[in-house]
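Before any questions on binding or motion, here is one chain by itself as structure tokens, the form predicted on its own.
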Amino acid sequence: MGYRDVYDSWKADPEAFWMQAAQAIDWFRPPSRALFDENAPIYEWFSDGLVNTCWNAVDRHVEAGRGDQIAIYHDSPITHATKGITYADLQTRVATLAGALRARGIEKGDRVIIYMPMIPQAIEAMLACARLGAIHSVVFGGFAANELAVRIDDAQPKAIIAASAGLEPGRVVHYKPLLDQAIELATHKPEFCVIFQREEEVAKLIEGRDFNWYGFQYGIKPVDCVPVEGNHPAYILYTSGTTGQPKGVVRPTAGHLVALAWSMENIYRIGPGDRFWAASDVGWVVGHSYICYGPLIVGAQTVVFEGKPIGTPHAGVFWRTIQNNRIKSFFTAPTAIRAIRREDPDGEYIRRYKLHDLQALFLAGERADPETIKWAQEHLGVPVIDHWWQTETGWAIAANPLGIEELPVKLGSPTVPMPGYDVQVLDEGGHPVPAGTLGAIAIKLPLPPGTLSTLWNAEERYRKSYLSHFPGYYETGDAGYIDEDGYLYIMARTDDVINVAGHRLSTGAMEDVLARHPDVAECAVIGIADPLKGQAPLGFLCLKKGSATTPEQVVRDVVRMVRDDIGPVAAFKQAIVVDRLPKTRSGKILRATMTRIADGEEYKTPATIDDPAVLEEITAALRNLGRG
């Protein structure tokens, strides 16, 4: 069966499609049906089934005789440590940690916050919670104390599992003082904390509240998996909200298992014993879906990588890791590839390593511009697949389903919708627009298994944020179009579609033009207030290392290129050359913050920012231009 047959079979009978997909996982009690729609537009999947995530990710592979295969490979170019953990070893570790948590009173439904760097213990903590039916909420390690406190008050965890420190190139990030400060700030206080002490920094423990990771588990008997209902929350993951109050995305257990198992096989073409690597962080949704759960659910090997695409120690570290682990499918953010390309424009590092096992590079997290895809394709010689999804959906809305059929790549498109997603492009009134027309991207309800069911303790906010603007649809917040072949193009966040003298223009389309300039490594376009046209586009350019062209000439070139490609209607007349762009730690460019600076408005430094100093550089550059 090809993609079209599979998608059509879902559309013809969604119930049968998902009940068949549910056979890929182990149930304590199979569900009587797939969709539970009694409370529409709040939908649930496999609600009356009984299941356990940890059993499906760990124990069943040991039972099947595959306990001696590697489950987790830890690679830290910062500490120079490498270590493989087998499924049997993982089962012992997780069952013992779960036993220790239960001995301190953690039961099904209790919340546990996990605040850890990229070490195997972070995965073990997630799986130990899943084993008990406790609901984990991973907070990105090193997040500011105030942001952690907000999440403590919202999730009200009974326990917090943390590490003493995280490691960045050239510096130690002190987690424990941040954790102590967050607990001090929070109204809700956890009953206890478990601290994994790293060799690089041993933190001071508070008597009676804090326990050392190993001492906490000493003499504890391993415990079995606790069956939970299909609609029981597996985890809460906070995503930044427009109000400053983070939104706690709730992921129900059974749909999560079924969707991830389906996606590993059909999108990433990964099965038992295969080696898969998602270069992300456990604090993000990619880390949940494709570092921790997805690969382990299908019995593959996953990589926990503590490093950066460049600087740990060089721009070839990704390719070295792929070679040494014989990675079959690799997943990272476009921003990581752009950083590597900027340091190594000719792909010299790629040629140093043997990447024989690599079948594809998958990109997600922010729009993959065509120039980055072309560069990666040319140097890697494998399909480079952009796919599109969100924290809220938990897995791909649109992708090139390698495990079903490798579809022709169209540069700039994450290809086609996956089964479960009826993607529509709507005008402001909520009416579908013709092929090729820019509009708001929405998904017809119900969303498929694996997606969010609600926001933690905030159902009304869930309805208002996602379901109210276009009744009967989930509003993605992205803008784009679908072409005549059914390929989807994500052009910008809805907020980034700018209105220039009455013309709705996509900043993403302009960025594609800028990225084509041979000296441009990375770029962003924002809309700034203009007294005549309402809004005008402004470009930001980061140049490649060793670029011989003057910055002034590059600016003149790109202004001409946008005029030639998009037309005078774009009114693209200004661009600034900067050393770097402000980004979140997951690689998203902070366009909205840049716009506020350019328009002289007050702004709050986002908690997710990678380096706040970049905003000062952007402010200075805008001031030189007479903005901000």
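What you see is a predicted model; the values in this text were computed from it and never measured. The first residue of the shown sequence is 1; numbering continues from there.
Heads up, the form predicted together with coenzyme A isn't pictured, but that's what we're talking about next.
- The three residues Gln121, Cys292 and Lys374 each lack any heavy atom within 4.5 Å of coenzyme A in the predicted complex.
- Listed stretches are 537-545, 399-407, 283-291, 506-514; the contact stretch with coenzyme A in the predicted complex is 283-291, by a heavy atom cutoff of 4.5 Å.
- The shortest heavy atom separation between Arg171 and coenzyme A in the predicted complex is within 4.5 Å.
- Contact annotation: Val569 falls within 4.5 Å of coenzyme A in the predicted complex, judged by heavy atom distances.
- Put simply, Leu355 is far from coenzyme A in the predicted complex: not one heavy atom of it is within 4.5 Å.
- In the predicted complex, no heavy atom of Ile441 sits within 4.5 Å of coenzyme A.
- Checked against coenzyme A in the predicted complex, the candidates Ser263, Gln91, Thr335, Ser164 yield a single residue with a heavy atom inside 4.5 Å, and that residue is Thr335.
- Think of it this way: in the predicted complex, coenzyme A has a heavy atom of just one of His314, Lys533, Lys189, Arg326 within 4.5 Å, and the residue is Lys533.
- For the partner-free chain shown, nothing in 536-550 comes within 4.5 angstroms of coenzyme A in the predicted complex, judged by any non-hydrogen atom.
- Figure legend: C-alpha atoms of Ala570 and Ala339, shown here, are separated by at least 3 angstroms less in the predicted complex.
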